[in-house]
Ligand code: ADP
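First, one chain by itself in structure tokens, the form predicted on its own.
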Amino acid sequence: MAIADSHNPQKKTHDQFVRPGLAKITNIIAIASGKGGVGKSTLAVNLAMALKREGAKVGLMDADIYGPSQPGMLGAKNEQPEISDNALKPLVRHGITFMSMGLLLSEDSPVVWRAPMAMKIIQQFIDNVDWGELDYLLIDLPPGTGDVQLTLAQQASLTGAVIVTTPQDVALSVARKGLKMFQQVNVPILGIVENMSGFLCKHCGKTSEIFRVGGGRKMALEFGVPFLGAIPLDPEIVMSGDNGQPIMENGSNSPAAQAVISIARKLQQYAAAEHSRTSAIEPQQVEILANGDLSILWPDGHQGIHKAYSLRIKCPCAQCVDEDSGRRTIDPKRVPLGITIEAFDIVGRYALGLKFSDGHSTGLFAFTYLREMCECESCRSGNQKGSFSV
């Protein structure tokens, strides 16, 4: 989310918080994994198809810049998106709107870029793709916890993330790191999916636990997040991906297809609950006042006031608070009494980033934290709770 526009840099309403390309999307969900090879991209495609089957309008962003796979899985190799009104028009295949780096390069062209170049493409996918009205935009992330994940977490207004893992310990260990990364940037975990959870033989009907089973469920219990389900190994999924015809599109009734449908239905429930919760705490308007203080209009109609000096001395960033002890290290006496807020930035769906007149700009103030420290007359007199009722 970006700072207020140059015509009115000190005031921004809720509708202006959202990136233009994402403005008509109800739920934006990251599909993530700590490591590669766990079937994340295959799940993203078939999960999108399952949500479409449930009657939703669905888009798919292939954010794996270095290893895009969605064009092949959706049967759109060697096709290119059109450009209209300075925006990329995503392709539509099997009723799914999608965009991928693989559509912008020839099939065999490697992407040999440093991170800043890759980030520019991600910014284009956020700001300059005409996604239109969607119920869900699924973002197929690259493996790991790097720049792409952080950029999308802080700029794409994520409803939440789904973590994909396989049952073996090495995959679970790396998946935990991915989950913790999202928790650190306040992106809700909508659930965990255990992929390749046993192999069901079509000839004898027996299940072989090739990679063991149950690790994903145990991980969900460990972190107190939903377990969305387990998907067995199924050669039909591999073949359908290679043929550009997702298994959810060919009418398959296999256990794997049924598992994806069940996961999609659970995801709808958790996403709706998280969307409702987040909407209840997102500011309706943020304004820098003439004296350099901050005014916030909350969803319940409360108009909060925050003095720049108070915000500065209560900054929660690592420069102002010792991360190990939690002890505040900033000396209030060194903060000018006349300090002002020069600009603000909306970060994800959870915080404001503030730039102060003393040059400090690293603090992220969570919406819940801001509401609790409101300094308006009603809150000072105790007539307001100073927190959300959600």
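A residue's number is simply how far along the shown sequence it sits, counting from 1. All values reported here derive from a predicted model rather than from experimental measurement.
Not on display, but discussed next: the form predicted together with this ligand.
Subject >> in the predicted complex, the one of A271, M248, I237, V148 near this ligand [non-hydrogen atom within 4.5 angstroms] >> reply: The option sitting close enough to the partner is I237.
Original post:
Among I126, L172, M196, L294, which has at least one heavy atom within 4.5 Å of this ligand in the predicted complex?
Top reply: The residue from I126, L172, M196, L294 that makes the contact is M196.
**OP:** Quick one: find which of 343-351, 22-30, 37-45, 359-367 has residues within 4.5 Å of this ligand in the predicted complex by heavy atom distance.
**Re:** Contact criterion met by 37-45 only.
Subject >> Non-hydrogen atom contact L104 with this ligand in the predicted complex at 4.5 angstroms >> reply: Heavy-atom contact with this ligand at 4.5 Å: absent for L104.
**OP:** Tell me, yes or no, whether I192 is in contact with this ligand in the predicted complex, where a contact means a heavy atom of each within 4.5 Å.
**Re:** Although this ligand is absent here, I192 would stay clear of it in the predicted complex, with no heavy atoms inside 4.5 Å.
Subject >> Contact label in the predicted complex: P71 to this ligand, heavy atom within 4.5 Å >> reply: Looking in the predicted complex, residue contacts with this ligand do not include P71, since no heavy atom lies within 4.5 Å.
**OP:** Spell out, yes or no, whether the shortest heavy atom distance between A118 and this ligand in the predicted complex is within 4.5 Å.
**Re:** Outside the cut-off, so no.
Subject >> Any residue of 161-179 that, in the predicted complex, places a heavy atom within 4.5 Å of this ligand >> reply: The stretch does not touch the partner at all.
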